[in-house]
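The chain that follows stands alone, in the form predicted alone, written as structure tokens.
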Amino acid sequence: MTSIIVHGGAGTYSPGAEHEKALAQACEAAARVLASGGSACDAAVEATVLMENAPVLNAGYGSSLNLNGEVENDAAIMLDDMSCGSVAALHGFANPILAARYVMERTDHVLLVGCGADAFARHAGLVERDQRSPARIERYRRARAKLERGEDIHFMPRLRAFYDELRNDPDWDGERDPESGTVGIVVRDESGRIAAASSTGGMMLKLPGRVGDTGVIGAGTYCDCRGGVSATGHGEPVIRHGMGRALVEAFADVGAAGAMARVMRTACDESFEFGLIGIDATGDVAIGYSTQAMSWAAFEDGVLRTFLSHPIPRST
């Protein structure tokens, strides 16, 4: 059974039709790759590139800005044979997922970061691009102005308090929350091969050099013969608890739905704010989140579903 699922981030935002359109297009792009004989890896990368190019999503163009007003991207890909590659704190490249794939296919390493990742991407000939969209720049300016009026983000609890202040501010106009981050995909092709990929701009106003769960294999991105997972949301708890691998390990015990229920109980018990998508070895899809919302789309044997449950015409 062919199965595809993508997500556009979990958080305290209100995803709408523009998110649905971008994610549906990503699903259908992956489906076309599979229909033309491409691999699960090819399909995952193709769809992730589309999501990285969609300004409404926090990955690639339209990424969140760090404290210095710069974009640092993380991305990862992993296959069911446990081949994997990732980059973190990548600067100024249009499609970080391509850099992650090249790490997997062209090196003996798993993770490249910072200036080393930049040099590798440049040597590979990847397209360079300013990832700061006008909307994200404006959001950064407003958030930074509030910060400069007295908030402190030296460590995570104070950063969280700052975001809470933004959401409760009567002057806040209802824009999407700055931390509605990360895109991801899991694909299972007709032969049963599975691939998982994730890409993100991370948290708005994060400290320069901060790496979240997306680029950490076993945390925000994981895949083996039992299934694949991509995570989104508050990355630090996802890293600490290895949530991606935990979900895949549970697939073998209780299947997709049971595994997701088990992992989400942990999320609720620990007050994590995150979301997960996954596909198990049989092709069953799992979706779970502990935040206000998560945008997603799933394509299973020719049927497209989205988080808004809108009928969307098939692309031709």
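All values derive from a computational prediction rather than experimental measurement. The first residue of the sequence shown is number 1, and the count goes up from there.
Form predicted together with ligand ASP: not shown, discussed below.
**Student:** Please determine whether A219 contacts ligand ASP in the predicted complex, using a 4.5 Å cut-off between heavy atoms.
**Tutor:** It does not: once ligand ASP is placed as it appears in the predicted complex, A219 has no heavy atom within 4.5 Å of it.
**Student:** Does any part of R144 reach within 4.5 Å of ligand ASP in the predicted complex? Heavy atoms only, please.
**Tutor:** Because no heavy atom of R144 falls inside 4.5 Å of ligand ASP in the predicted complex, the answer is no.
**Student:** Just to confirm, N73 within 4.5 Å of ligand ASP in the predicted complex by heavy atoms?
**Tutor:** Output for N73 is no: heavy atoms all beyond 4.5 Å of ligand ASP.
**Student:** Given that the partner is absent here, does G85 sit within 4.5 Å of ligand ASP in the predicted complex, heavy atoms only?
**Tutor:** Flag for G85 set to no.
**Student:** Any idea which of 135-143, 241-249, 196-204, 90-98 reaches within 4.5 Å of ligand ASP in the predicted complex, heavy atoms considered?
**Tutor:** Going through the listed ranges, the match is 196-204.
**Student:** Within 4.5 Å of ligand ASP in the predicted complex, heavy atoms considered, which of R129, R122, R210, H109?
**Tutor:** It is R210 that has a heavy atom within 4.5 Å of the partner.
**Student:** Would you mind checking 217-239 for residues with a heavy atom within 4.5 Å of ligand ASP in the predicted complex?
**Tutor:** If the 4.5 Å heavy-atom criterion is applied to ligand ASP in the predicted complex, 217-239 yields T232, G233, H234, G235.
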